[in-house]
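Taking the form predicted on its own, here's one chain by itself in structure tokens.
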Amino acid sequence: MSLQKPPLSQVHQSAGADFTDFGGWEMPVTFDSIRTEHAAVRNAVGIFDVSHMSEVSVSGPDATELMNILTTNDVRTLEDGDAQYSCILDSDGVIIDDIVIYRYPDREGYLFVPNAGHGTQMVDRWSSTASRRELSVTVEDRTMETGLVAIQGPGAIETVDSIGTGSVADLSRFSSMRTEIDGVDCLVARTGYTGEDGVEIFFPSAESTAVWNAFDGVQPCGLGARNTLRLEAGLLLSGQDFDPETEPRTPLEAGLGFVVDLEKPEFVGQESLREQNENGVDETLVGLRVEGRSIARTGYPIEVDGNEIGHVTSGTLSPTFERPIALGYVDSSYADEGTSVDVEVRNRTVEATIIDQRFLESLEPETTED
């Protein structure tokens, strides 16, 4: 099956990007190097093409009710222009996907962003639930007609303000507004996936080249840097840190309890989560500071005294801290910060310590001096 190509594919090829398959899309993984692109976002500003992400719009008299049934956070709290991180669960409370929901700033309804390749599945889920409950909504897959770029880094807001017609400087985190960039009508949201300040910009896909070229001079970044940046920030990756088939986890196991509102009237998976919340979780997600230079890859066992207590789900060599870091699930009795564990790396035992997964806050600069 051939891969989908984003509207900017030719632009990226001309820039010399290397490509990878991500969620059925052929996306740029690097333009220069992961290290260069990562440093640009941590220290200045970078631009990502994230048009592979799915976009679904939901409108109609019962849109809020439907959104609230199918997501874990309380959509009713959103004002015009607000955004909200949330999860979609099955009836057992297992995460099917994580999403950001945007309540449009200038019209009724919602736009939500599932992960790449999940748009059709979500449209089917929303439409079938609406039909079964006789709710009056319109659900549309906007993935192919929507372009999306992320401008991220400490210089992101100043960069966008120098180009757009309306200032985003006063836009608070997880809120959105309309502006024009190079004459293109855009929805700009102060959201991102890097641990840095910045925005994500939605626009008609036919205008992708105009919007991308408006940021000429900003470091183009691929999905390689996006992965190291999100991992340093302790953000989860769908299909790796959770997956309904290969890594079935509830939000409470994955450290996402803050996006679950158990008190709202109803949502799919609610009863299972209430039971788990009352009884506690057997395994939980933790951060790992790994000693030496060995990288703890997905699936590597985590051990104590030679006994396996969990496994790694994401690992990399942190470009910021110059040391290996990882996420993994462990038996909850070993999840306290400061616990010493081992990671089995290619038949070698490597020492590691459980720490807060928000590595940007939990790792001190002096720990880089090995």
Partner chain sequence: MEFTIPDELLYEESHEWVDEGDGAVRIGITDFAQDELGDIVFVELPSEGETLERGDEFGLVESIKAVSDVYVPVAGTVTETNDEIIDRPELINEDPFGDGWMIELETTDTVDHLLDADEYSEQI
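Numbering follows the first chain given and starts at 1. Fair warning: this is a prediction, and the values are worked out from it, not measured in the lab.
There is another form of this protein, the form predicted together with its partner chain, and it is not shown here; the text below is about that form.
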Problem set entry | Per-stretch contact check against its partner chain in the predicted bound form, the hit in 53 to 61, 314 to 322, 328 to 336, 39 to 47 (non-hydrogen atom, 4.5 angstroms) | 314 to 322
Seminar exercise, completed: Assert contact residue (its partner chain, in the predicted bound form, non-hydrogen atom within 4.5 Å, options Gln270, Gln84, Thr228, Gln219) equals Thr228
Problem set entry | Of Arg132, Arg173, Arg76, Arg293, the one that lies within 4.5 Å of its partner chain in the predicted bound form (heavy atoms) | Arg293
Exercise. Arg274 near its partner chain in the predicted bound form, any heavy atom under 4.5 Å?
Worked result: no
Exercise. According to a 4.5 angstroms non-hydrogen atom cut-off, is Arg178 in contact with its partner chain in the predicted bound form?
Worked result: no
For this session: Give a yes or no for Arg297: in the predicted bound form, does one of its heavy atoms lie within 4.5 Å of a heavy atom belonging to its partner chain?
Result: yes
Problem set entry | Non-hydrogen atom contact Leu70 with its partner chain in the predicted bound form at 4.5 angstroms | no
Exercise. Using a 4.5 Å cut-off on heavy atoms, which residues of 245 to 280 contact its partner chain in the predicted bound form?
Worked result: none
